[in-house]
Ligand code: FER
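So this first bit is one chain, no partners, the form predicted on its own, shown in structure tokens.
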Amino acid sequence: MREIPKGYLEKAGTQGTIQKIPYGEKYVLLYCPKGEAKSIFYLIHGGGGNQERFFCPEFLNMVDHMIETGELEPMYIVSPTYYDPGETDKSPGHSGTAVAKFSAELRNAIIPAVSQYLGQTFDRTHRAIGGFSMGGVTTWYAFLEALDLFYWFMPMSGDCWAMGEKGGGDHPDETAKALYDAASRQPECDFRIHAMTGTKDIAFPNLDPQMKAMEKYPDVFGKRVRYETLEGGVHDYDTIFRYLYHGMPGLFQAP
């Protein structure tokens, strides 16, 4: 797995801008790159985080450098939150409840607000979603409930909770079947998943069995799924930034 060049932690010569887009009582942050962007990536934070967590200097500088060097095609990046305003209970159980209902918020409020702000819409082949930990759980829910909106999925260190909390580890076969059923209901049945985690990540015992169970459906998941593990990778944002550096250039590339 590619490592982030050390210089990418510093400011790039060409930098994108950050915009705040309100909707209802909430808002999302939007990264607008230098150059024409034809695609958009919805990036979801982990449990206990918020819209600002991913939009820190380390990540934004890295993205600026990747676009400046041509490693990454210019893209919009949206950072929302699944928590309601003023939410103080961010325990796994409560976070799981917030995440479970977030796909509807994406569909009915966030995507329309971003599209209106930008004055353009994106078809599903130019729209991606990914996230870390509970953001990874969010990504799997989007696969289950919003395959008509997204083509590209990047769950990082988070399993699918369709069968309950930590369902990917406790009920891998049932979880894989639920994902298979969701894919089968999609008329085109086409998508791309790039899942990543680390061997020392607390999410590894939950995501790894799920990914192995998905291999039982090669007709649907075979060539459409890429699963990578980082030896010694742990459950933190520094590791996730490396996953993003490694995986983002593959988004929106022709299959």
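A residue's number is simply how far along the shown sequence it sits, counting from 1. Bear in mind the structure is a predicted one, so any value in this text is a computation, not a measurement.
Absent from the display: the form predicted together with this ligand. The rest refers to it.
- In summary, the region of this chain contacting this ligand in the predicted bound form, judged by heavy atoms within 4.5 Å and restricted to 101-109, 128-136, 72-80, 172-180, corresponds to 128-136.
- Relative to this ligand in the predicted bound form, residues L43, W152 and G247 are all farther than 4.5 Å at every heavy atom.
- This ligand in the predicted bound form comes within 4.5 Å of a heavy atom belonging to W161.
- In the predicted bound form, this ligand sits within 4.5 Å of a heavy atom belonging to G47.
- This ligand in the predicted bound form comes within 4.5 Å of a heavy atom belonging to I202.
- The closest non-hydrogen atom of K166 lies within 4.5 Å of this ligand in the predicted bound form.
- In this stretch, 90-106, the one residue having a heavy atom within 4.5 Å of this ligand in the predicted bound form is P92; the partner itself is omitted from this view.
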